[in-house]
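Quick heads-up: it's one chain on its own, the form predicted on its own, in structure tokens.
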Amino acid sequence: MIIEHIGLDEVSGSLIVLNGIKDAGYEEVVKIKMSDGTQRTGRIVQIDGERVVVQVFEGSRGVSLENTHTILEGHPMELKLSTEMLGRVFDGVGRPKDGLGEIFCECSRDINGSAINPVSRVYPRDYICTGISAIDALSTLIRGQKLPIFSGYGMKHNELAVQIVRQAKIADEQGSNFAVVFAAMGVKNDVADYFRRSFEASGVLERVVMFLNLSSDPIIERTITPRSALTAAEYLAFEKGMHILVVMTDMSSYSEALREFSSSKGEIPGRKGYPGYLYSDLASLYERAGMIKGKPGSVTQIPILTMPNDDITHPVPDLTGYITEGQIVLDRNLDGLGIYPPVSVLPSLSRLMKDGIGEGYTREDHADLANQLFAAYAKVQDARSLASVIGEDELSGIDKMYIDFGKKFENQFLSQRPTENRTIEQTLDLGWKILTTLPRTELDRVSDELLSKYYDKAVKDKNSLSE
């Protein structure tokens, strides 16, 4: 039986309080009828006995304490789902905002999802090709993985997100069953238009489901946006057998909304004012990535977050790093040099990379080549540090070779045009070409067999071009 409650006991910001409410459920959807006949939506965010606190999506401005009618819907917030979502643009709670009308609903699902039983998880193995050398070669994205991008304010993470959505593909026969769910949180209107126009111009919008939450939208909607996106991804992956890549930007905006929301409820703050449950809240999002036994689809996540003051120890990137399987870090110094994408190689890693590359996945030389590029670039940093003290002219011959290698590595291997889509073979061949800057005796991370097959060939190609 649906009961309509008349009047409110308290209004505070976007929160309203009702007393004497029985059998209410946490996260339950609430319909709020205003005295002027309009209707708003809220959800229960706190229950204390028969005292219920409701967060109103549209805010509580104009809400009357006497004449407001409240109806508890008896179910949590749900998202209407259908394959017609592909190619469509929605707001943060799943309402169409592209002017094309409502979708034909095949089913509805609770946006909070349900935890995947660890026993039923399938270990991620196959890689996803992004066409970006810095990611494909050195921090390979594996299907079913969660691999965040740590950026800074003003850096080119939006351009990188667009390039990943435009170019990402599965490198096997199931590639045609691949789609992207894109969620933007707290973005300005011009950024939202940039995302939409970029996807339309490149022709990939038909395989993208977009959820856009603008900075002017209510913060409660911002906390729902990633859950709506992941609910759509799980439906397409586990019920329709598709391989879904979920790109979520910016998780820092989401966390800021969560902090503001927590503060409005009067909760005791944790580190830097964030709620004490920030870790478990982020985990409830990130752990929705993966593959399930008996289900053909997969959900892969790339959360993007901006680090305040480029501080990687800030609570949001710090906790994200604990939950996810690696990270891709963008470097402001490389960005200042005009290198795109400005991926900082040494602090970036993909913990599942070792099981999804090599013979049968990418190419037999991939693992050894990546190790050698890492090792050589680490020595570049040592040589540059020494050069800053004694001057580059005073360096030894081999240190000068490493300085030369570093420049070529950054300007030719890391740097590529935003529209440049490199195959994994092109990326690996380019890596060997850059390594020819160093003598063979310096390549101690690669077997002699692979050196003879790939390094010697790269040297011959280099010599033939010089002739």
Partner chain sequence: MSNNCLYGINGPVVTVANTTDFSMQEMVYVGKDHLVGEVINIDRKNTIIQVYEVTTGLRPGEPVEPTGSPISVTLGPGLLSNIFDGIERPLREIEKQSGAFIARGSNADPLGANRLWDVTLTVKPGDFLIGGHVYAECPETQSILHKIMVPPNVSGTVTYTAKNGSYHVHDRICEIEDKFGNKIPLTLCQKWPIRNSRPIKNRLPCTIPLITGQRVIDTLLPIAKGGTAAIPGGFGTGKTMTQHQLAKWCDADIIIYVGCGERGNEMTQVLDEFGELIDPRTGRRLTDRTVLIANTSNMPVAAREASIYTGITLAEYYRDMGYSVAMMADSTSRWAEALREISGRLEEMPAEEGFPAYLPSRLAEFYERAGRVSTLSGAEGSITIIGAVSPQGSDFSEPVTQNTKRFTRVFWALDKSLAYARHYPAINWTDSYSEYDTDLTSYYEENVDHNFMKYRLNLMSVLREESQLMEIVKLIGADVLPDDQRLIIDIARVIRVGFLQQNAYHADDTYVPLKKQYLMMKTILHLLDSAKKLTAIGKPISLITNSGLYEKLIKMKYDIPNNRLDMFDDYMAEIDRVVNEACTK
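Residue numbers count along the first chain shown, from 1. Because the structure is predicted, anything quoted here is derived from the model rather than measured.
Keep in mind that the form predicted in complex with its partner chain is not shown, yet the notes after this line are about it.
- Between 324 to 332, 90 to 98, 151 to 159, 197 to 205, the stretch whose residues reach within 4.5 angstroms of its partner chain in the model of the complex through a non-hydrogen atom is 324 to 332.
- Contact with its partner chain in the model of the complex, defined as a heavy atom within 4.5 Å, is made by all three of 47, 120 and 444.
- Within 4.5 Å of some heavy atom of its partner chain in the model of the complex lies at least one heavy atom of residue 317.
- Proximity of residue 124 to its partner chain in the model of the complex falls within the 4.5 Å heavy atom cutoff.
- Mapping the unseen interface onto this chain, residue 13 falls outside it, with no heavy atom inside 4.5 Å of its partner chain in the model of the complex.
- Although the partner is absent here, residue 420 is not a contact residue: none of its heavy atoms lies within 4.5 angstroms of its partner chain in the model of the complex.
- Only one of 215, 82, 264, 371 comes within 4.5 Å of its partner chain in the model of the complex through a heavy atom, and that residue is 371.
- A heavy atom within 4.5 Å of its partner chain in the model of the complex is found for one listed residue only; from 375, 103, 339, 192, this is 375.
- Shown without its partner, the chain has 348, 349, 351, 352, 354, 355 in segment 348 to 362 as residues with a non-hydrogen atom within 4.5 angstroms of its partner chain in the model of the complex.
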